[in-house]
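Single chain ahead, by itself, as structure tokens, in the form predicted alone.
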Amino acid sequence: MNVVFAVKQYVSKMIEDSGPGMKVLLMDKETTGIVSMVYTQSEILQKEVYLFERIDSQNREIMKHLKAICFLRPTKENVDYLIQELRRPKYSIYFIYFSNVISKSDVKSLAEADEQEVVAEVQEFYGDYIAVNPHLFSLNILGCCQGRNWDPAQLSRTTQGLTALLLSLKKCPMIRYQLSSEAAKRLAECVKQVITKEYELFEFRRTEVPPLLLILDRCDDAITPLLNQWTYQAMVHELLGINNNRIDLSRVPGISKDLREVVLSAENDEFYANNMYLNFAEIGSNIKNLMEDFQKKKPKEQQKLESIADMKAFVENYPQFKKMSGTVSKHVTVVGELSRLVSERNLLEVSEVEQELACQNDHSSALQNVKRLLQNPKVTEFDAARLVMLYALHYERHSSNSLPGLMMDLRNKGVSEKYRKLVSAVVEYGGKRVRGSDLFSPKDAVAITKQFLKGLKGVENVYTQHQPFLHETLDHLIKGKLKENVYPYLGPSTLRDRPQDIIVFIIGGATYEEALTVYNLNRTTPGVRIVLGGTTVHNTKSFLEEVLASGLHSRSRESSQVPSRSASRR
């Protein structure tokens, strides 16, 4: 189960099916992002695709020598654009691929518009999601719920994205959902409706153990997205922000023009692929090795070119040399900026206290440490508010709760009202009243012993002792111990065997720390394959936007209109 491979295969097949000759790839805003995650422009250029255009772009030239490959979401808006395109075609022939199920009536409208008979084929290729890592996908939806319930347009888009994922991986799953979340139950029902209605599409070869879709809600664990991260990919997202593999470095002091935006993609950056899950200390020494390796290769390239053979060798090695030079400067810049932010914001100390708030149960020590950091001028208002949020979530009902005093400390520190208000919003979003599970205190004797032993042995790394709640949930699921009264099945049937193919989806967004948990479980649990998805992939900043957007502090917002599915199929 590899989501990057699944989407990549769709794109390759589209290009192959159109045959030889020069081509244009016609996409919409969303499919442009979907394709860019799995293919670089230069890779697609090698497949005779010489032009990339947006269907909504007004001033496209007529180029009858090009074939058009259209990869579009099946929205009303896109169908209208296509109808206009087919009435006055700009290209010689059209191969149309929709990223999800298209209604019969829409296909009929397109056929009627195709008076010049330029359409060669219309197909459905279910690449309707963003493939982030091989085991991680996202729908890039920020703010999916209003209060505790779905925004209807986002429910429709999420149902489409999740059913497309199932179709692309060829899975017809049994469904379990988090009982404490109305939104999880609603999404489970919507996915089930599509599977029932489109039963022909979901007729895959039966496996001995059916796949399992587990639908969770972010509000069950509001701790994970609030923590600073120390593994490469997660840390880059937390401190710099990753948007469809792109990192904006324009604010880095003294940045050169060609490094203002860089791409970090494990598909075509070997250093990133090998280091994305390693912690920051290891990255530092690996960067040093990369630099040394580069330096060794460098003088050879600059030797005198005395013979034809020298010149030939130089020309042959130059592209690799240039690529390596780009990789080195990119990672040195990124790691350098991460180091600068860590020291400027005093993040080692901040993170240590965050981990204590997330993993230990010593109230007086935690309170003392938070108070101490709030007095530290190096600690930013963002980090100060984050510490108080973690305290508020953990010690919400503690007999000596000192939240009012900490709120006063935030005010005295000059933390803006926006962040102070978010403290109560986060507790309302993911506090004890809402959670279906207990994040902090292990119940049974075994769990208490485990925690005690963990404390005795000491943790390898004080900054990464936290395990997302998802780890425990998946561990129980794999061992057949996940309680059905907390995570019921949708419908009468239940899974008797240990699950093998598991798709987990988190409403309200997943995190890179959870993706790392899934990556490690996949590596260490033979016979089990897990894919994680979320409405988005959060860092702390986007998670707080999610909390705000949920309207737990009322705020009006526009939601992108996604049409509901039509009842018939071609």
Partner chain sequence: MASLDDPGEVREGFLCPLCLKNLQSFYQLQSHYEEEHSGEDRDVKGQIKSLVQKAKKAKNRLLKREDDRAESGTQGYESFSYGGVDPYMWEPQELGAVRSHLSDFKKHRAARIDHYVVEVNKLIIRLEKLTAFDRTNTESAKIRAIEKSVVPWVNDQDVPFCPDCGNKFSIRNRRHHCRLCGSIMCKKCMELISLPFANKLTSASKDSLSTHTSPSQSPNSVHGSRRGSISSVSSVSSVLDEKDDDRIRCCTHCKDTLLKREQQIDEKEHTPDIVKLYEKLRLCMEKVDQKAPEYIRMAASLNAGETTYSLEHASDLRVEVQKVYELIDALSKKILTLGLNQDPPPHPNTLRLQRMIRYSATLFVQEKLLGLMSLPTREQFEELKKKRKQEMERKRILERQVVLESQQRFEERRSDLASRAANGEVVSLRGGPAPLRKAEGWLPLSGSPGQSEDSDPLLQQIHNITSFIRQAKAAGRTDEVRTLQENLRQLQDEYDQQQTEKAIELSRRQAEEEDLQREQLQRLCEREWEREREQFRAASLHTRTRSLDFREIRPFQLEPGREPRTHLAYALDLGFSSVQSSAAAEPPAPSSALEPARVWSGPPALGQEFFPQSMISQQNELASLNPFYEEDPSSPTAGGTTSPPAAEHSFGPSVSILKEYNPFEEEEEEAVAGNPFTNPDSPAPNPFDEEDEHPHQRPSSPPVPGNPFEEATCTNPFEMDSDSGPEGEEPIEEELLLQQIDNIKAYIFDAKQCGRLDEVEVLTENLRELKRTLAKQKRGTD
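Positions refer to the first chain, counted from 1. Predicted model only: the values in this text are computed from it and were never measured.
Just so you know, the form predicted together with its partner chain exists too; it's not on screen, but the next bit is about it.
- Taking I130, I93, A183, L72 one by one, only a single residue has any non-hydrogen atom within 4.5 Å of its partner chain in the model of the complex, and it is I93.
- A heavy atom within 4.5 Å of its partner chain in the model of the complex is found for exactly one of H394, H237, H466, H135: H135.
- Only one of 359-367, 483-491, 415-423, 334-342 lies within 4.5 Å of its partner chain in the model of the complex by heavy atoms, and it is 334-342.
- At a distance threshold of 4.5 angstroms between non-hydrogen atoms, Y429 is out of contact with its partner chain in the model of the complex.
- Remark: I102 counts among the residues lining its partner chain in the model of the complex, judged by a heavy atom distance of 4.5 Å or less.
- A residue is said to contact a partner when one of its heavy atoms sits within 4.5 Å of a partner heavy atom; K170 meets this definition for its partner chain in the model of the complex.
- Its partner chain in the model of the complex comes within 4.5 Å of a heavy atom belonging to D114.
- In sequence order, E53, N59, R60, E61, M63, K64, H65, L66, K67 are the residues of 53-71 having a heavy atom within 4.5 Å of its partner chain in the model of the complex; the partner itself is omitted from this view.
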